[in-house]
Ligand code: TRH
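As a starting point, one isolated chain is supplied in structure tokens, in the form predicted alone.
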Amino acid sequence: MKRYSCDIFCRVVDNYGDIGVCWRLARQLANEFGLAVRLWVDDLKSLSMLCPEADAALDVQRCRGVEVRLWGGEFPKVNPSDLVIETFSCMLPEPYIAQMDTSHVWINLEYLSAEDWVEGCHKLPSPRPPLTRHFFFPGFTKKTGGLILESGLFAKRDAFLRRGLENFWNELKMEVPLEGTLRVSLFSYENAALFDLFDAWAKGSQKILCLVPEGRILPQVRRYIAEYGDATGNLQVAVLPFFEQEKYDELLWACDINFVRGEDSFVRAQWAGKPFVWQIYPQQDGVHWVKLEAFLDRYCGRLTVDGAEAMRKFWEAWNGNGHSMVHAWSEFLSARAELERCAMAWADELSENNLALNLLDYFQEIGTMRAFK
């Protein structure tokens, strides 16, 4: 049986969001589905943060079943793979395109969005004679490409929680949080609402342990700690090192509420089955608000009126629309039980639409169509 090959091209734009998606997909296609995968990436330092064994100084290396190549300078002469995945319209190198012919399937994997128009654009062809580029949109409905989900992830999550979290805290060299403490992970872009949120937590009645992995929000967190200390009122803040992807999943599983950003951590928070708060990447002219509200429309349709209002108000406050952070947080926390039930049901529902499986089915579909022309 033929072993198919796959090239994935990634330009790192958002530190870890783009490469996070590409690295997960590359490993899944190689290790679960047996493809010979080459990942071309222009920033190996970002990859090495997600995969510690990756060497940012090597132009060619093999990591976890994937051949990793530096995409920079003059592009080498290589044979294109059967499946060519251009991620997020990063533009394939012209020398590579010149080597392609109609036997190669060229797919552009687009950014994730919950907007209605995505369903109509999913799988649309874009001719570039003699080649055809096909758009493939991740999404939240059966009419889209779905989300990246590794086989057995939910079983790993549930086993992790059944074992208890003592080992997890030991690995972090932290004491086990006191019973009744709300555990919150905070992975965020810079955010003007941070001090207001921390103040609301410090002055609230709920004890909160806020775990902050290394990232763009860290300078703001350190300024708060420098002024108020890492424990003030009912808030304790703990700064953590940057986590590779598997350990980050465990952090999401171990926490009660997860603050995430961009695309990769946004999806992983949904697989955790816990209440989460998304900071969307800000865009010019407020375009990001349309995307944020489109997701909230889909998600909040499963909540009661009060639950939906609490989630919307807090997400909007965190993304900077001017709601009172104190009131928004209070309502969000009051809705926690309902949000927990919804989060787990949502994860189960989305798991039926697997991006890697859908992508490979489409690859086969295009190949079959061409064979009969």
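The structure presented is a predicted model; accordingly, all values stated were derived computationally and were not measured. In this text, residue numbers run from 1 along the sequence as written.
Omitted from view is the form predicted together with the ligand, to which the following refers.
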| property | result |
| --- | --- |
| Selected contact from Tyr189, Phe154, Phe75, Phe168, since only one has a non-hydrogen atom within 4.5 angstroms of the ligand in the predicted complex | Tyr189 |
| Position in contact with the ligand when the complex is considered in the predicted complex, options Tyr281, Tyr228, Phe195, Phe160, heavy atoms within 4.5 Å | Tyr281 |
| Among 120-128, 296-304, 257-265, 195-203, the region lying within 4.5 Å of the ligand in the predicted complex by heavy atom distance | 257-265 |
| 4.5 angstroms heavy atom contact with the ligand in the predicted complex for Phe243 | yes |
| Tyr16 within 4.5 Å of the ligand in the predicted complex, heavy atoms | yes |
| The ligand contact at Trp289 in the predicted complex, heavy atom, 4.5 Å | no |
| In the predicted complex, Leu50 touching the ligand (heavy atom, 4.5 Å) | yes |
| Interface residues of 107-136 toward the ligand, as seen in the predicted complex [heavy atoms, 4.5 Å] | Tyr111 |
